[in-house]
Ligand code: ATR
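Form predicted on its own, single chain, as structure tokens, below.
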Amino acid sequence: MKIFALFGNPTGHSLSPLMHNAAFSKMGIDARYVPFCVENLEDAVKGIRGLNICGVSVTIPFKTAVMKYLDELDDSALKIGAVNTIVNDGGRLTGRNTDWIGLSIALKKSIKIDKKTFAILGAGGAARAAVYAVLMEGGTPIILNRTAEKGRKLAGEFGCKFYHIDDIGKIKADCLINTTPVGMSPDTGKSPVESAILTNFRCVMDMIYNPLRTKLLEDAEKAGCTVLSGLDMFVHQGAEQIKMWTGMEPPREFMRQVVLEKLMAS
């Protein structure tokens, strides 16, 4: 049996084990995907080799910190400055990033990215993946963040504009992407922006997938925007991980259904 893992702290809320194990079973792969609540990251990475773990998903708060313990980083991980996927090739550990691919696939279902403008809320790892995805597909990202120093740094690295979150009312863009955790379960009554400004955007995406319909998306729908939850991004970033680990195309629609059923039941 092949072992795959999730490294994070905490990991109890993650639906990755449910989704990945269902996919492996459907694909007929003798594998198990196990969540580990990591206390010592360096030791955990050594454990990948020691236990012959074939691949690892990396989540909060280790996506940046894990980079220094790996043998190699691919171009996307280097440019984004975050790793969400580790591939173990005979003991050589390569860090990759599938968050940006998942976001790109999810966005393209509803909006053409090329030559469009995207207002991105936040300046953390998820925001970095969003900026990279938009640039890779020929779009123009704008950073909006509460902490000016962090927002300016990100904008400077990627050569795009930065505005303080208080100035969001002045921004008009084709799409607004929320990469912050505001509105995530259990704080579902919160939104990162005032509902009145949502008419400035044709499309609104929230990277949060639990709940499926955040307050931001509810407000955006009332404002007449096309809305996208984080579900498709979550599914596609996970599917891309499985593809990297196994060389096989996973059953994406089946994976989506498994996660959707869990979310609807909870």
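Just count from 1 along the sequence shown to find any residue number. Quick caveat, the model's predicted, so the values are computed rather than measured.
What follows is about the form predicted together with the ligand, which we do not show.
Among the residues K153, K108, K161, R146, the one placing a heavy atom within 4.5 Å of the ligand in the predicted complex is R146. At a distance threshold of 4.5 angstroms between non-hydrogen atoms, G169 is out of contact with the ligand in the predicted complex. Remark: G138 does not count among the residues lining the ligand in the predicted complex, judged by a heavy atom distance of 4.5 Å or less. Residue contact with the ligand in the predicted complex: T98 places no heavy atom within 4.5 Å of it. Put simply, A173 is far from the ligand in the predicted complex: not one heavy atom of it is within 4.5 Å. Highlighted residues G124, A127 and V182: every one comes within 4.5 Å of the ligand in the predicted complex, counting any heavy atom. In summary, the region of this chain contacting the ligand in the predicted complex, judged by heavy atoms within 4.5 Å and restricted to 72-80, 90-98, 130-138, 115-123, corresponds to 115-123. Residues of 249-266 include none with a non-hydrogen atom no more than 4.5 angstroms from the ligand in the predicted complex.
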